[in-house]
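Encoded as structure tokens, the following chain is the form predicted on its own, with no partner shown.
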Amino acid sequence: MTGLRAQQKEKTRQAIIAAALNQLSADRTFSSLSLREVAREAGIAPTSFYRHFKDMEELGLTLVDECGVTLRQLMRSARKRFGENISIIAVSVETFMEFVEHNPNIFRLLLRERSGTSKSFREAVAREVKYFTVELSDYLQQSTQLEPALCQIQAEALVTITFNNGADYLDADPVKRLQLIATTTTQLRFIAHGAAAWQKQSSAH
């Protein structure tokens, strides 16, 4: 019975998270959502909300955390998909943009709260971006001969460009989206080649 209760509790918790995400849009921010709206969308009484989250801020921080985890898992999978004739950069960019396309509300949440008025939200998004960058830096160290400091700088540049272009991708038409994928891929390749050339030049001196 305890196991069933735990499953039901987790199911309701996920329903609350989904309800909040479903109500976000290009015109609606998380801060504009009310607890009653989220509870109604999730099919629960407002008082039941407090069995899962202390308040709306805790729900928002949970959304940011789960969004970050989902995106990092997708990118890890992408890095395992490339082969001899497939560019890891191309696969990563396409995977990232597919995430943006299929999860616009999630990505908008990350973008908006990254520079929002809530310090807690800003710190939460910054933390997720940092995790994202650290994982990429670690991958670069394992897959290239670059020095750790250079891998960190490269990772920061790659993440910044990809997130910025992802913001443009959100509301772009199909033709513009294809152009953004191609442009982002080229920009990241420039950075990768530049990092390798920089290390080679530094080693020569």
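Heads up: residue numbers just count along the shown sequence, starting at 1. Between two forms, the rigid core is the largest collection of C-alphas that superpose within 1.5 Å. Nothing here was measured: the structure is a model prediction, and the numbers come from that model.
The form predicted in complex with the DNA is left out here; the points below concern that form.
Colleague: Looking at 133-141, 168-176, 151-159, 50-58, which lies within 4.5 angstroms of the DNA in the predicted complex, counting heavy atoms?
Modeller: So the stretch in question is 50-58.
Colleague: Does the DNA get within 4.5 angstroms of any non-hydrogen atom of Arg5 in the predicted complex?
Modeller: Yes, Arg5 lies within 4.5 Å of the DNA in the predicted complex.
Colleague: Does the DNA get within 4.5 angstroms of any non-hydrogen atom of Ala45 in the predicted complex?
Modeller: Yes, Ala45 is a contact residue.
Colleague: Using a 4.5 angstroms cut-off on non-hydrogen atoms, would Ser34 count as touching the DNA in the predicted complex?
Modeller: Ser34: yes, in contact with the DNA in the predicted complex.
Colleague: Is His193 close enough to touch the DNA in the predicted complex, meaning at least one heavy atom pair within 4.5 Å?
Modeller: Judged by the heavy-atom cut-off of 4.5 Å, His193 is well away from the DNA in the predicted complex.
Colleague: Quick one: in the predicted complex, does every one of Lys9, Thr12 and Arg40 get a heavy atom within 4.5 Å of the DNA?
Modeller: Contact check passed for all of Lys9, Thr12 and Arg40.
Colleague: Any CA movement of 2 Å or more for Gln14 between this form and the one not shown, core superposed?
Modeller: It does, since the Gln14 C-alpha is displaced 2 Å or more between this form and the one not shown after the core fit.
Colleague: Answer yes if the CA of Arg177 moves 2 Å or more between this form and the one not shown after aligning the rigid core, and no otherwise.
Modeller: Where the cores coincide, Arg177 shows only a C-alpha shift between this form and the one not shown that is less than 2 Å.
Colleague: Compare the position of the CA of Val159 between this form and the one not shown after a rigid core fit and state whether the shift reaches 2 Å.
Modeller: Where the cores coincide, Val159 shows only a C-alpha shift between this form and the one not shown that is less than 2 Å.
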